[in-house]
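The chain below stands alone and is given in C-alpha coordinates; this is the form predicted alone.
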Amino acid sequence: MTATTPVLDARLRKALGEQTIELPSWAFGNSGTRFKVFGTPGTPRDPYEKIADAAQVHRYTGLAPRVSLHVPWDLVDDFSDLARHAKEHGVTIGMINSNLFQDDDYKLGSLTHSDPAVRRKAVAHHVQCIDVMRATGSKELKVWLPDGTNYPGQDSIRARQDRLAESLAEIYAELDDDHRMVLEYKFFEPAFYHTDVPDWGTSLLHCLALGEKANVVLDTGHHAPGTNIEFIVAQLLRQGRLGAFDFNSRFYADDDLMAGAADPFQLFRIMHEIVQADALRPESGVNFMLDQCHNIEEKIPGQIRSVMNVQEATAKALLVDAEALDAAQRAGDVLGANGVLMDAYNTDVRGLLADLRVEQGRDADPMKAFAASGYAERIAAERVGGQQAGWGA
(Lines give C-alpha, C1' and ligand atoms only; values in the text may rest on other atoms or scores of the structure.)
Protein backbone atom coordinates (compact mmCIF):
# COMPACT_ATOMS: atom_id res chain seq x y z
CA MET A 1 0.00 0.00 0.00
CA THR A 2 1.21 3.51 -0.75
CA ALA A 3 0.02 6.91 0.36
CA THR A 4 -1.81 7.43 -2.94
CA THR A 5 -3.26 3.98 -3.67
CA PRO A 6 -5.20 2.73 -0.64
CA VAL A 7 -6.65 -0.76 -0.84
CA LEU A 8 -10.04 -1.68 0.60
CA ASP A 9 -8.84 -4.77 2.44
CA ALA A 10 -10.83 -6.85 4.92
CA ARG A 11 -9.65 -4.86 7.95
CA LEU A 12 -10.67 -1.53 6.48
CA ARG A 13 -13.91 -2.92 5.14
CA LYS A 14 -14.88 -4.27 8.57
CA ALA A 15 -13.90 -1.16 10.52
CA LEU A 16 -15.57 1.28 8.14
CA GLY A 17 -18.59 -0.96 7.81
CA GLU A 18 -19.17 -0.83 11.57
CA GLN A 19 -18.88 2.94 11.87
CA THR A 20 -22.06 4.85 12.70
CA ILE A 21 -22.65 8.56 13.22
CA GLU A 22 -25.73 9.89 15.01
CA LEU A 23 -27.57 12.90 13.61
CA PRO A 24 -29.15 15.77 15.57
CA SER A 25 -32.82 16.45 14.85
CA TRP A 26 -32.21 20.20 15.26
CA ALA A 27 -29.81 20.26 12.33
CA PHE A 28 -32.80 19.95 10.02
CA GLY A 29 -34.59 23.00 11.41
CA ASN A 30 -33.92 26.70 10.79
CA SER A 31 -31.08 27.69 13.10
CA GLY A 32 -27.42 28.45 13.25
CA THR A 33 -26.63 32.07 14.08
CA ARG A 34 -26.98 34.75 16.71
CA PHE A 35 -28.17 37.14 14.00
CA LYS A 36 -30.65 36.35 11.26
CA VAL A 37 -31.81 32.80 10.75
CA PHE A 38 -32.32 32.09 7.05
CA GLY A 39 -35.16 29.70 6.38
CA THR A 40 -35.25 27.26 3.48
CA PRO A 41 -38.17 25.71 1.58
CA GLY A 42 -39.12 22.28 2.82
CA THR A 43 -37.86 22.78 6.38
CA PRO A 44 -39.54 20.26 8.72
CA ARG A 45 -42.54 21.42 10.69
CA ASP A 46 -42.49 18.68 13.31
CA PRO A 47 -40.29 15.85 14.65
CA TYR A 48 -41.79 13.37 12.19
CA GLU A 49 -40.54 15.41 9.25
CA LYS A 50 -37.15 15.92 10.92
CA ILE A 51 -36.73 12.16 11.17
CA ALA A 52 -37.80 11.69 7.57
CA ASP A 53 -35.07 14.12 6.49
CA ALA A 54 -32.46 12.50 8.72
CA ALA A 55 -33.33 9.14 7.18
CA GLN A 56 -32.26 10.53 3.81
CA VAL A 57 -28.73 10.98 5.14
CA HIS A 58 -28.64 7.35 6.21
CA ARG A 59 -30.14 6.22 2.92
CA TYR A 60 -27.31 7.70 0.88
CA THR A 61 -24.36 7.23 3.27
CA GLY A 62 -25.25 4.10 5.24
CA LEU A 63 -23.59 5.72 8.25
CA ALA A 64 -26.36 7.52 10.13
CA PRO A 65 -28.86 5.03 11.61
CA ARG A 66 -29.76 7.09 14.72
CA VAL A 67 -31.35 10.48 15.34
CA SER A 68 -30.93 12.48 18.55
CA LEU A 69 -34.00 14.22 19.91
CA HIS A 70 -34.17 17.48 21.87
CA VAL A 71 -36.75 18.02 24.60
CA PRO A 72 -38.90 20.08 24.50
CA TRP A 73 -38.17 20.94 20.84
CA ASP A 74 -39.17 17.45 19.75
CA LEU A 75 -42.11 16.85 22.08
CA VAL A 76 -44.93 14.78 20.61
CA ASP A 77 -48.04 13.25 22.12
CA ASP A 78 -46.89 9.67 21.54
CA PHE A 79 -43.16 8.96 21.56
CA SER A 80 -43.67 5.27 20.93
CA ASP A 81 -45.38 6.26 17.70
CA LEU A 82 -42.44 8.53 16.83
CA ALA A 83 -40.09 5.57 17.40
CA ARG A 84 -42.30 3.48 15.11
CA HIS A 85 -42.11 6.24 12.48
CA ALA A 86 -38.32 6.27 12.75
CA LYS A 87 -38.14 2.50 12.30
CA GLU A 88 -40.31 2.71 9.19
CA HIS A 89 -37.76 5.15 7.77
CA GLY A 90 -34.83 2.85 8.55
CA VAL A 91 -33.46 4.71 11.59
CA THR A 92 -33.86 4.63 15.38
CA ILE A 93 -34.01 7.22 18.15
CA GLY A 94 -30.64 7.99 19.70
CA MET A 95 -29.71 10.29 22.55
CA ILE A 96 -32.30 12.41 24.31
CA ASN A 97 -31.03 15.95 24.91
CA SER A 98 -32.37 18.10 27.73
CA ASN A 99 -32.88 21.87 27.50
CA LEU A 100 -31.90 24.14 30.39
CA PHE A 101 -31.28 27.34 28.44
CA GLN A 102 -34.63 28.63 27.23
CA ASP A 103 -36.77 28.97 30.33
CA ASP A 104 -37.09 32.26 32.23
CA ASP A 105 -36.67 30.44 35.55
CA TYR A 106 -33.13 29.48 34.49
CA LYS A 107 -31.90 33.06 34.12
CA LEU A 108 -29.46 32.61 37.02
CA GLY A 109 -28.96 28.88 36.68
CA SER A 110 -30.83 25.60 36.52
CA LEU A 111 -29.24 22.60 38.24
CA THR A 112 -26.97 25.05 40.12
CA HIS A 113 -29.59 27.68 41.01
CA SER A 114 -29.68 28.93 44.61
CA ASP A 115 -33.46 28.42 44.72
CA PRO A 116 -34.33 24.77 45.50
CA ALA A 117 -37.60 25.12 43.59
CA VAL A 118 -35.77 25.98 40.37
CA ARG A 119 -33.40 23.06 40.86
CA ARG A 120 -36.35 20.73 41.40
CA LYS A 121 -37.89 21.98 38.16
CA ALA A 122 -34.63 21.32 36.27
CA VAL A 123 -34.33 17.82 37.75
CA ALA A 124 -37.97 17.09 36.88
CA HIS A 125 -37.26 18.07 33.28
CA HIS A 126 -34.58 15.39 33.12
CA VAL A 127 -36.96 12.83 34.60
CA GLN A 128 -39.27 13.76 31.72
CA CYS A 129 -36.38 13.12 29.30
CA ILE A 130 -35.79 9.71 30.89
CA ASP A 131 -39.46 8.88 30.33
CA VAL A 132 -38.94 9.80 26.66
CA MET A 133 -35.97 7.42 26.61
CA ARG A 134 -38.15 4.60 27.87
CA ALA A 135 -40.85 5.32 25.30
CA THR A 136 -38.44 5.50 22.35
CA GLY A 137 -35.92 2.83 23.32
CA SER A 138 -33.15 5.40 23.72
CA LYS A 139 -30.39 4.46 26.13
CA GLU A 140 -28.56 7.77 26.57
CA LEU A 141 -29.36 11.09 28.22
CA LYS A 142 -27.24 14.09 27.30
CA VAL A 143 -26.92 16.97 29.74
CA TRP A 144 -25.49 20.28 28.63
CA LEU A 145 -25.42 22.88 31.37
CA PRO A 146 -25.43 26.56 30.33
CA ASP A 147 -25.21 27.62 33.98
CA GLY A 148 -22.63 30.12 35.17
CA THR A 149 -22.19 33.73 36.23
CA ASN A 150 -21.37 36.96 34.42
CA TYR A 151 -19.77 38.92 37.27
CA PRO A 152 -17.34 38.20 40.11
CA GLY A 153 -19.22 37.81 43.36
CA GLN A 154 -22.54 37.15 41.63
CA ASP A 155 -22.74 33.74 43.30
CA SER A 156 -20.55 31.26 45.12
CA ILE A 157 -18.57 29.17 42.66
CA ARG A 158 -18.11 26.41 45.22
CA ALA A 159 -21.75 26.35 46.32
CA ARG A 160 -22.86 26.05 42.71
CA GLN A 161 -20.66 22.98 42.29
CA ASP A 162 -22.20 21.43 45.40
CA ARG A 163 -25.71 22.11 44.10
CA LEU A 164 -24.78 20.69 40.71
CA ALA A 165 -23.45 17.49 42.28
CA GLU A 166 -26.69 17.04 44.24
CA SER A 167 -28.89 17.72 41.20
CA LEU A 168 -26.94 15.35 38.95
CA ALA A 169 -27.12 12.64 41.60
CA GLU A 170 -30.92 12.95 41.68
CA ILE A 171 -31.08 12.60 37.89
CA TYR A 172 -28.61 9.71 37.86
CA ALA A 173 -30.73 7.82 40.41
CA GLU A 174 -33.66 7.89 37.96
CA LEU A 175 -31.76 6.10 35.17
CA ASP A 176 -32.57 2.50 34.35
CA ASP A 177 -29.85 -0.12 34.60
CA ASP A 178 -29.20 -0.02 30.84
CA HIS A 179 -29.23 3.79 30.61
CA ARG A 180 -26.27 6.14 30.44
CA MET A 181 -25.83 9.83 31.15
CA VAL A 182 -23.27 11.92 29.29
CA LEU A 183 -22.27 15.33 30.64
CA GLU A 184 -21.17 17.98 28.17
CA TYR A 185 -18.83 20.90 28.89
CA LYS A 186 -18.29 24.32 27.36
CA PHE A 187 -15.71 26.84 28.45
CA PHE A 188 -17.89 29.92 27.94
CA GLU A 189 -21.31 31.09 26.75
CA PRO A 190 -23.90 32.00 27.73
CA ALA A 191 -22.13 32.77 31.01
CA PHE A 192 -19.00 34.89 30.68
CA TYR A 193 -17.26 35.22 34.06
CA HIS A 194 -17.38 31.57 34.97
CA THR A 195 -19.18 28.50 33.62
CA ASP A 196 -20.20 25.70 35.97
CA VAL A 197 -18.99 22.90 33.66
CA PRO A 198 -16.27 24.66 31.63
CA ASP A 199 -13.92 21.79 30.79
CA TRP A 200 -13.43 18.06 30.55
CA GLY A 201 -11.88 17.84 34.00
CA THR A 202 -14.95 19.29 35.71
CA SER A 203 -17.24 17.03 33.72
CA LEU A 204 -15.08 14.01 34.51
CA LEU A 205 -15.02 14.75 38.25
CA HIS A 206 -18.80 14.85 38.36
CA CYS A 207 -19.07 11.68 36.28
CA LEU A 208 -16.63 9.81 38.51
CA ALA A 209 -18.67 10.82 41.54
CA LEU A 210 -21.91 9.67 39.93
CA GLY A 211 -20.86 6.19 38.84
CA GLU A 212 -20.15 3.95 35.88
CA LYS A 213 -23.22 5.05 33.92
CA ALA A 214 -21.95 8.64 33.64
CA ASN A 215 -19.40 9.68 31.02
CA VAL A 216 -18.08 12.83 29.36
CA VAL A 217 -19.30 14.11 26.00
CA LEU A 218 -16.77 16.11 23.98
CA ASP A 219 -18.03 18.81 21.61
CA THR A 220 -15.18 19.68 19.25
CA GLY A 221 -16.30 23.33 19.17
CA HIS A 222 -16.28 23.80 22.95
CA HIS A 223 -12.63 24.64 23.54
CA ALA A 224 -10.40 27.68 23.73
CA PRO A 225 -8.26 28.40 20.65
CA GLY A 226 -5.14 26.25 20.58
CA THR A 227 -6.55 23.50 22.80
CA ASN A 228 -5.15 20.08 21.95
CA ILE A 229 -8.45 18.24 21.65
CA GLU A 230 -6.90 14.91 20.74
CA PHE A 231 -5.01 14.98 24.07
CA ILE A 232 -8.35 15.24 25.87
CA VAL A 233 -9.68 12.38 23.75
CA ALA A 234 -6.68 10.22 24.71
CA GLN A 235 -7.05 10.99 28.41
CA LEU A 236 -10.77 10.23 28.51
CA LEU A 237 -10.23 7.01 26.57
CA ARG A 238 -7.54 5.99 29.06
CA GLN A 239 -10.08 6.33 31.85
CA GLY A 240 -12.88 4.66 29.91
CA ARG A 241 -14.96 7.81 30.33
CA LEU A 242 -15.40 9.13 26.80
CA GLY A 243 -19.11 8.67 26.28
CA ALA A 244 -19.73 10.60 23.12
CA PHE A 245 -18.57 13.14 20.55
CA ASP A 246 -20.42 16.13 19.19
CA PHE A 247 -18.65 16.72 15.89
CA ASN A 248 -18.64 20.17 14.31
CA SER A 249 -16.13 22.80 13.18
CA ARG A 250 -15.22 26.17 14.57
CA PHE A 251 -13.07 29.02 13.38
CA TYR A 252 -13.48 31.38 16.34
CA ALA A 253 -15.90 30.03 18.95
CA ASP A 254 -18.79 27.56 19.07
CA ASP A 255 -19.55 27.99 15.38
CA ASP A 256 -21.33 24.64 14.85
CA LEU A 257 -20.12 24.43 11.25
CA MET A 258 -19.87 21.21 9.27
CA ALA A 259 -17.45 18.67 10.74
CA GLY A 260 -14.04 18.79 9.10
CA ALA A 261 -14.70 22.13 7.40
CA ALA A 262 -12.38 24.35 9.43
CA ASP A 263 -9.56 21.95 10.32
CA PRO A 264 -9.77 18.52 8.67
CA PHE A 265 -6.30 17.69 9.99
CA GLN A 266 -7.58 18.09 13.56
CA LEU A 267 -10.46 15.75 12.81
CA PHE A 268 -7.94 13.21 11.47
CA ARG A 269 -5.79 13.54 14.59
CA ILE A 270 -8.83 12.94 16.80
CA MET A 271 -9.83 9.86 14.83
CA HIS A 272 -6.25 8.61 15.01
CA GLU A 273 -6.53 8.54 18.81
CA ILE A 274 -9.84 6.72 18.49
CA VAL A 275 -8.35 4.09 16.19
CA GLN A 276 -5.25 3.69 18.35
CA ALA A 277 -7.44 2.98 21.37
CA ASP A 278 -9.60 0.55 19.37
CA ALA A 279 -12.59 2.72 20.27
CA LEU A 280 -14.17 2.75 16.82
CA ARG A 281 -16.04 -0.48 17.52
CA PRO A 282 -19.71 -0.10 18.51
CA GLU A 283 -19.08 -1.99 21.74
CA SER A 284 -16.47 0.59 22.82
CA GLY A 285 -19.28 2.71 24.24
CA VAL A 286 -18.27 5.88 22.39
CA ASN A 287 -21.17 7.47 20.51
CA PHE A 288 -20.12 9.49 17.47
CA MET A 289 -22.62 12.15 16.54
CA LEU A 290 -22.92 15.51 14.85
CA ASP A 291 -23.99 18.72 16.58
CA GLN A 292 -24.35 21.30 13.85
CA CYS A 293 -26.62 24.05 12.60
CA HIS A 294 -27.06 24.87 8.93
CA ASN A 295 -27.97 28.47 8.21
CA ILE A 296 -26.72 29.33 4.72
CA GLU A 297 -26.23 25.80 3.38
CA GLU A 298 -28.91 23.23 2.61
CA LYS A 299 -29.57 21.07 5.64
CA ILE A 300 -29.73 17.52 4.34
CA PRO A 301 -26.70 17.94 2.03
CA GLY A 302 -24.89 19.66 4.93
CA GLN A 303 -25.41 16.59 7.08
CA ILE A 304 -24.42 14.24 4.25
CA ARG A 305 -21.19 16.19 3.70
CA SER A 306 -20.43 16.20 7.42
CA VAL A 307 -20.93 12.45 7.73
CA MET A 308 -18.67 11.91 4.72
CA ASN A 309 -16.00 14.17 6.24
CA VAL A 310 -15.96 12.12 9.44
CA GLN A 311 -15.79 8.93 7.42
CA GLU A 312 -12.87 10.24 5.37
CA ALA A 313 -10.95 11.22 8.51
CA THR A 314 -11.64 7.78 9.93
CA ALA A 315 -10.44 6.01 6.79
CA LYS A 316 -7.19 7.99 6.86
CA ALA A 317 -6.70 7.17 10.53
CA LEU A 318 -7.17 3.48 9.72
CA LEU A 319 -4.46 3.77 7.06
CA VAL A 320 -1.80 4.81 9.58
CA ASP A 321 0.92 2.14 9.62
CA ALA A 322 0.74 1.37 13.34
CA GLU A 323 3.85 -0.83 13.37
CA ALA A 324 5.98 1.71 11.52
CA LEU A 325 4.70 4.49 13.77
CA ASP A 326 5.48 2.54 16.92
CA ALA A 327 8.96 1.66 15.66
CA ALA A 328 9.73 5.28 14.81
CA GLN A 329 8.45 6.48 18.17
CA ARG A 330 10.51 3.92 20.09
CA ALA A 331 13.58 4.83 18.06
CA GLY A 332 13.10 8.53 18.76
CA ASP A 333 12.74 9.19 15.05
CA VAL A 334 10.79 12.44 15.27
CA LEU A 335 10.46 13.13 11.56
CA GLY A 336 9.94 9.48 10.70
CA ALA A 337 7.03 9.18 13.13
CA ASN A 338 5.48 12.40 11.90
CA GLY A 339 5.95 11.19 8.34
CA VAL A 340 3.98 8.02 9.01
CA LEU A 341 1.03 10.10 10.17
CA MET A 342 1.32 12.56 7.29
CA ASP A 343 1.47 9.76 4.72
CA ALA A 344 -1.90 8.52 5.95
CA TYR A 345 -3.41 11.99 6.16
CA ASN A 346 -2.28 12.91 2.64
CA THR A 347 -3.83 9.77 1.17
CA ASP A 348 -6.86 10.37 -1.04
CA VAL A 349 -9.45 7.93 0.34
CA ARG A 350 -12.43 9.13 -1.68
CA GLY A 351 -12.14 6.34 -4.25
CA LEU A 352 -11.80 3.73 -1.53
CA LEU A 353 -14.97 4.97 0.19
CA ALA A 354 -16.84 5.15 -3.11
CA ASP A 355 -15.94 1.49 -3.71
CA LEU A 356 -17.21 0.63 -0.22
CA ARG A 357 -20.56 2.30 -0.90
CA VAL A 358 -20.96 0.44 -4.18
CA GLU A 359 -20.20 -2.83 -2.37
CA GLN A 360 -22.96 -1.93 0.09
CA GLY A 361 -25.43 -1.31 -2.72
CA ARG A 362 -25.35 2.47 -2.48
CA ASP A 363 -24.41 5.17 -4.94
CA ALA A 364 -20.71 5.99 -5.03
CA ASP A 365 -21.41 9.72 -4.59
CA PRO A 366 -24.03 10.42 -1.86
CA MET A 367 -24.18 14.15 -2.58
CA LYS A 368 -24.99 13.68 -6.26
CA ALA A 369 -27.35 10.81 -5.56
CA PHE A 370 -29.40 12.87 -3.11
CA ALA A 371 -29.48 15.87 -5.45
CA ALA A 372 -30.76 13.63 -8.25
CA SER A 373 -33.41 11.99 -6.08
CA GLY A 374 -35.80 14.92 -6.23
CA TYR A 375 -36.45 14.69 -2.48
CA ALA A 376 -35.57 18.34 -1.80
CA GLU A 377 -37.93 19.56 -4.49
CA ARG A 378 -40.71 17.28 -3.26
CA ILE A 379 -40.61 18.41 0.38
CA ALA A 380 -40.41 22.05 -0.71
CA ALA A 381 -43.70 21.55 -2.54
CA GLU A 382 -45.35 19.45 0.16
CA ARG A 383 -44.37 21.36 3.29
CA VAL A 384 -46.26 24.54 2.66
CA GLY A 385 -47.97 26.10 5.66
CA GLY A 386 -47.51 25.37 9.33
CA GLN A 387 -44.63 26.45 11.51
CA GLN A 388 -41.15 25.53 10.37
CA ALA A 389 -38.97 24.01 13.05
CA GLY A 390 -36.22 26.31 14.26
CA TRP A 391 -34.27 27.53 17.24
CA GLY A 392 -36.54 26.83 20.15
CA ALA A 393 -39.08 24.75 18.26
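A residue's number is simply how far along the shown sequence it sits, counting from 1. The structure presented is a predicted model; accordingly, all values stated were derived computationally and were not measured.
From this point on, the text means the form predicted in complex with a further copy of the same chain, which you will not see here.
> Using a 4.5 Å heavy atom cut-off, which stretch among 287-295, 173-181, 84-92, 135-143 contacts a further copy of the same chain in the predicted complex?
Within 4.5 Å of the partner lies stretch 287-295.
> Does at least one non-hydrogen atom of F245 fall within 4.5 angstroms of a further copy of the same chain in the predicted complex?
Heavy-atom contact with a further copy of the same chain at 4.5 Å: absent for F245.
> Considering non-hydrogen atoms and a 4.5 Å limit, does a further copy of the same chain approach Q360 in the predicted complex?
No, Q360 is distant from the partner.
> So, in the predicted complex, is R350 in contact with a further copy of the same chain at a 4.5 angstroms heavy atom limit?
The answer is yes: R350 has a heavy atom within 4.5 Å of a further copy of the same chain.
> Evaluate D53 for contact with a further copy of the same chain in the predicted complex, applying a 4.5 angstroms cut-off between non-hydrogen atoms, and reply yes or no.
Contact with a further copy of the same chain, no.
> Can you pick the one in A124, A234, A169, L75 that has a heavy atom within 4.5 Å of a further copy of the same chain in the predicted complex?
Comparing distances to a further copy of the same chain in the predicted complex, the residue within 4.5 Å is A234.
> Considering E283, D162, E212, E323, which brings a non-hydrogen atom within 4.5 Å of a further copy of the same chain in the predicted complex?
It is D162.
> In the predicted complex, which residues of 325-351 put a heavy atom within 4.5 Å of a further copy of the same chain?
Contacting residues: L325, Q329, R330, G332, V334, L335, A337, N338, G339, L341, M342, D343, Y345, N346, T347, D348, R350, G351.
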